[in-house]
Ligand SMILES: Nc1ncnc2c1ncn2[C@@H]1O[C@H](COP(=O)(O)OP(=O)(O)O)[C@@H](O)[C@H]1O
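Next up: just one chain, as structure tokens, the form predicted alone.
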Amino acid sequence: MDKWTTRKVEKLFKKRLYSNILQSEELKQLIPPAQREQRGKVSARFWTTEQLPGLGLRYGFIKAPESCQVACVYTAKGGVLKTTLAFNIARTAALNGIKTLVIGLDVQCSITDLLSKNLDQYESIEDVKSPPGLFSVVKGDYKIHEVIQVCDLPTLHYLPENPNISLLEHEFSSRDNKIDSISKLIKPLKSKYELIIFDCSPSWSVVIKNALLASNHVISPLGCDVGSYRSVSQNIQRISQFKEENDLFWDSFSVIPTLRENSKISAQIEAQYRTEYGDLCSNNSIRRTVLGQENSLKFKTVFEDAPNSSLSDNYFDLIKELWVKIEGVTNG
């Protein structure tokens, strides 16, 4: 069991906390009651991981929007930190007390693995079996609330991916109205969650079109590497064309430079993104680091695993920037 001391909670939420205030707010039941651990002659206060969202509601750095917001993280190129970004946004929101649902739409099941168990943590072959997912809901075998699972944070839920998600393409394509199926499925969930995030595959398909149609925020990470740069213009053009064809109005569209390296070509590519996409491009970019990969392997955000790192500061600034667009839609 992870033990979150006052000092660790301060680092997580990047906020100074004082013992007398904590004690007072505990008594007023404004925050979860801390447990005590004797350390020599001193009694130290700590909280468990599942209590963190309760602290986040009081001390967090982002607040819940007034109505449910739906964000689609999509780029038509793999390996640009799409799933890592979606995971960090979703888990950070949940840590801040925001009721969050993640819906994975990638046959590789990457975000489902991050939100559940790593393969080498399975204890028996029964654990390896794929849980029912979105395809089972679409086929009518389950209701959507029956397949949603809860993470170690009570505010973070996910609709698991499984290999059957590849069958959704045929299922949606055979319908008269091909691209509003997911919108209908998540409609009843909007009263239960404050944030819904789609983690999309890099393919351009009916499933991805469904996710884009169901969203009111689109987040598109673009790698600052040659391979990503070659495919960028086609990716943005395709999304823009889809938006125009379906007369969509997204509350925000954000381009996030990722995989930034300390090289001349990487700097030039980032600068080109900023020139081409102007205000759509975030002020903050995500660097290519080993630390980011290590955080994912531990199923934690960078705020939990390495709060003092420059990467933590980077994600803090980026998520705060994105949240102005997400929360600002309803809060002005």
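Don't overthink the numbering: it's just position in the shown sequence, from 1. From a predicted model like this one, the values you see are computed outputs, not experimental measurements.
We do not show the form predicted together with the ligand, though everything after this point is about it.
- The contact residue chosen from Gly78, Pro132, Gly227, Pro154 relative to the ligand in the predicted complex is Gly78, the criterion being a non-hydrogen atom within 4.5 angstroms.
- Among the residues Gln293, Gln29, Thr275, Gln38, the one placing a heavy atom within 4.5 Å of the ligand in the predicted complex is Gln293.
- Under a 4.5 angstroms non-hydrogen atom cutoff, the ligand in the predicted complex lacks Arg58 among its neighbouring residues.
- By the criterion of a heavy atom within 4.5 Å, Arg288 is counted among the residues contacting the ligand in the predicted complex.
- Interface membership of Ile319, defined by any non-hydrogen atom within 4.5 Å of the ligand in the predicted complex, is ruled out.
- Contact check for Ile165: every heavy atom lies farther than 4.5 Å from the ligand in the predicted complex.
- Comparing 135-143, 244-252, 83-91, 186-194 against the ligand in the predicted complex, the single stretch with non-hydrogen atoms within 4.5 angstroms of it is 83-91.
- Residues from 237-270 that approach the ligand in the predicted complex with a non-hydrogen atom within 4.5 Å are limited to Leu259.
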